[in-house]
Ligand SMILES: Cc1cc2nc3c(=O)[nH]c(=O)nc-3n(C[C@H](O)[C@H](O)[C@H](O)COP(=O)(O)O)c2cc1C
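First comes one chain, alone, set out as structure tokens in the form predicted alone.
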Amino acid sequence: MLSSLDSFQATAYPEIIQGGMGAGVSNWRLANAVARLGQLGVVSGTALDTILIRRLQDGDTGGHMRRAMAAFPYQGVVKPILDKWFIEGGLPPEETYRLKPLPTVDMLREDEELLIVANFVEVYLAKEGHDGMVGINLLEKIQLPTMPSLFGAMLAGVDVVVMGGGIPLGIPGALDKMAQLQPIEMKLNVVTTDRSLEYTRSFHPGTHVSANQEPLKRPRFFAVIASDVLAKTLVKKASGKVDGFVIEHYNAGGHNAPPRRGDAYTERDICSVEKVAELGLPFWLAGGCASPEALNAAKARGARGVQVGTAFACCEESGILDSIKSEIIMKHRAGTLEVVTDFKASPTGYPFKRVEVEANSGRDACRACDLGYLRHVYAKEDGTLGYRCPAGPRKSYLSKGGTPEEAEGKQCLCNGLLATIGMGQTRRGTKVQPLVTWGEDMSFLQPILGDSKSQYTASEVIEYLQS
């Protein structure tokens, strides 16, 4: 018989984590659908401030943004956002979206508030109408918006924070302090020639709430890892409690950990599941796990279950344009779908998996850094901080100390990913082309769709995985 502690551990976590993908691919609709079915629905926390204001500029179809904003506990913050960004009836299709300021270390209060509200909105809608678990996925590589983003998600009661794309040692402790509304000071990754200098960024959640605000629920923290060494490091050196791991194989979609040697993956790049299991924390396997066989195999190795991304990216509820989803399904069935591991495209320097679609064929990738989420923070000669993006205009990047090698082959992920969900910027009458990130494993498609269907829902993914 299970003890009460064992019973809690056996029932507190779901078998399936729906991966946090892209900017707005793992949106509130998808996370809500997954959480309703007893699994962990996850929203992507990337660029949610821009996504919110573009939804508002598009007229807020269905009124969902305004409904969630009406539930935000501090309405004095909400009104200026609505007044500034909401357009009744929406922008004409050929019009250019208005932009918010780029993220900086010393962010203006109104920019922090926009991030807080945007993340609250996405999590609130994902949690609406059920009592299931909802998480938010963030990248360690995107540091500047992280603190206000997490705070907004926590105000909405987010259950889990999932983070990869780096070594997030400071996040668990930040969650502890944020729950108590205490000020936070975190190390900032800065490109500098003087390694003796340490730069930090600060955030005080208590300044954004009233004096009688109750402490918040501290969400669980799951780190996305590709190495058992990293898992051990996080357990030993993280600033607070790590509650679990997502062990990601290099065939997973989106950003991957770089190979240990060269530009090709080998057996050395596969994480030792057994060594992670020895740490005694819950874990899930990710990358090529979208099948009932993979789920059972993961559990046989001690995992609680699996994280699945691509299978959910292709379902009806995901944020990807329907035309792109249909094209990918058709290409897979025709045997012409090619998933490319691009070692140069991402400004992060991490390998990035993508697919080509008709909407981005024969056109140059965007090189306008007007969103700035992946800009590098660098130290100038006088010690002050500057910002540069290897995927931005080349002349500007080189003038700020970047090198031609760093800029080679780079693509603007910020603009490309937003175009993938139908929020591409219009420049000189032309929409920015989509950049579609994808995973290698498409074996789930035939069992779910069969020969006759062309679309499916998140519930059908879960039904298939648990069959």
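Numbering starts at 1 and follows the sequence shown. On a predicted model such as this, the values are computed, not experimentally measured, just so you know.
Below, we turn to the form predicted in complex with this ligand, even though it does not appear here.
Residue 254 is the only one of 390, 205, 135, 254 with a heavy atom lying within 4.5 Å of this ligand in the predicted bound form. None of 39, 50, 437, 415 but one reaches within 4.5 angstroms of this ligand in the predicted bound form through a heavy atom, and that residue is 437. Stretch-level contact check against this ligand in the predicted bound form with heavy atoms at 4.5 Å: of 150 to 158, 137 to 145, 212 to 220, 70 to 78, the positive one is 137 to 145. Although the partner is absent here, residue 307 lies within 4.5 Å of this ligand in the predicted bound form, judged by heavy atoms. When this ligand is considered in the predicted bound form, residue 121 lies well away from it, no heavy atom lying within 4.5 Å.
This ligand is not drawn, but in the predicted bound form it has no heavy atom within 4.5 Å of residue 458. In the predicted bound form, no heavy atom of residue 319 sits within 4.5 Å of this ligand. Applying a 4.5 Å heavy atom cutoff to this ligand in the predicted bound form picks out 286, 287, 288 from 283 to 305, in order along the sequence.
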